[in-house]
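Quick heads-up: it's one chain on its own, the form predicted alone, in structure tokens.
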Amino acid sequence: MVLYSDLTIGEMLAVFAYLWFMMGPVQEVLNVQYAYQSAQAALSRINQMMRVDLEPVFPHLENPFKGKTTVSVELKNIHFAYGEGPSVLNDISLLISAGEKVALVGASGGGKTTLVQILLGLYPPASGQVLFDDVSVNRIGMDVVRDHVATVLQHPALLNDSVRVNLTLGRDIPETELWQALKIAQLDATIERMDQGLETLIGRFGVRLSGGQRQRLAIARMVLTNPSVVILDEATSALDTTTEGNLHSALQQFLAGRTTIIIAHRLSAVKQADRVLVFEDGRVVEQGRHDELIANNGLYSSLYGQQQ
């Protein structure tokens, strides 16, 4: 336009100057728009959290764990569903005697892990009762229950700190007990080979450890809590068969006389139980000893018969 029309160079420079001054305010307007969208999304998440009901606080009227090595666990007519969805647990009633080892098996989505979360009070049942030694959790208090019921998950929660801190969780525990727990968990030799031993940093979520080492570290932490009831939810799924066999042998003495609930898909873990409960669609459809269920040619036999 400068070459072929009456637009002068000065006018062209003036246009560029005006555009330069306009870019700043336009960019600020765009930044306000981006900030508004981010704030709206954050406020939506905060409102969702504010709408979540607080956990009920039960009075400490009775303590069935006091002075006992272990207790029985009973569920009466438990119903549960996630929100408005279909029922996950349908009228579950079962009794696990004190000192008994019970395995919960079945296809994924059958309600096994949900049942564990209800035992720990993480999910309140729509109806029904959870009792320890015939005492309802409404009279015990969930904080007392969690002090005496230890859970080892398939993907345990680990702190971005040392092995020692992940074992003790800030408690003052003698080092001999720490090494004894690691020995039961088949992890003592691995920790001894580390340059800093118990002071070795394991990284966020235990990223510097393998999956099997994380599970064994969580098992050692469970041993140190000396629980009355132990729940193992796929706690050895990342271990090879040799290590898993050694671990079960070492745990056998520790778990003797303690009520234990085992959730597993491996037959080697299921065989550790005195009784097996088979879940399907939120119900217990079969129960009995391993060999009895195999002989019945039912759902359990279809799950584990080929592993015999």
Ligand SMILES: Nc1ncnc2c1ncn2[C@@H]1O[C@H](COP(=O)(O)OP(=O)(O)OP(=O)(O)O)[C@@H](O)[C@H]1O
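Residue numbers run from 1 along the displayed sequence. This structure is a prediction, so every number in the text was calculated from the model and none was measured.
Although not depicted, the form predicted in complex with this ligand is the subject of the following passage.
A.B. asks: Against this ligand in the model of the complex, would G110 count as a contact residue? Criterion: heavy atoms within 4.5 Å.
C.D. replies: Taking the distances in the model of the complex, the answer for G110 is yes, it comes within 4.5 Å of this ligand.
A.B. asks: So, in the model of the complex, is W179 in contact with this ligand at a 4.5 angstroms heavy atom limit?
C.D. replies: W179: no, not in contact with this ligand in the model of the complex.
A.B. asks: Do Q186 and this ligand come within 4.5 Å of each other in the model of the complex, heavy atoms counted?
C.D. replies: Contact check for Q186: no, nothing within 4.5 Å of this ligand in the model of the complex.
A.B. asks: Do L158 and this ligand share at least one heavy atom pair within 4.5 Å in the model of the complex?
C.D. replies: L158 lies outside the contact set for this ligand.
A.B. asks: Within 4.5 angstroms, counting heavy atoms, which one of the listed stretches 205-213, 111-119, 188-196, 143-151 is next to this ligand in the model of the complex?
C.D. replies: The contacting stretch is 111-119.
A.B. asks: Pick from K68, H60, R283, H265: which residue has any heavy atom within 4.5 angstroms of this ligand in the model of the complex?
C.D. replies: Of the candidates K68, H60, R283, H265, H265 is the one lying within 4.5 Å of this ligand in the model of the complex.
A.B. asks: Sort through V88, V137, I96, L224 and report the residue having a heavy atom within 4.5 Å of this ligand in the model of the complex.
C.D. replies: Flagged contact: V88.
A.B. asks: What residues, if any, in 234-263 have a non-hydrogen atom within 4.5 angstroms of this ligand in the model of the complex?
C.D. replies: The stretch touches the partner through E234 alone.
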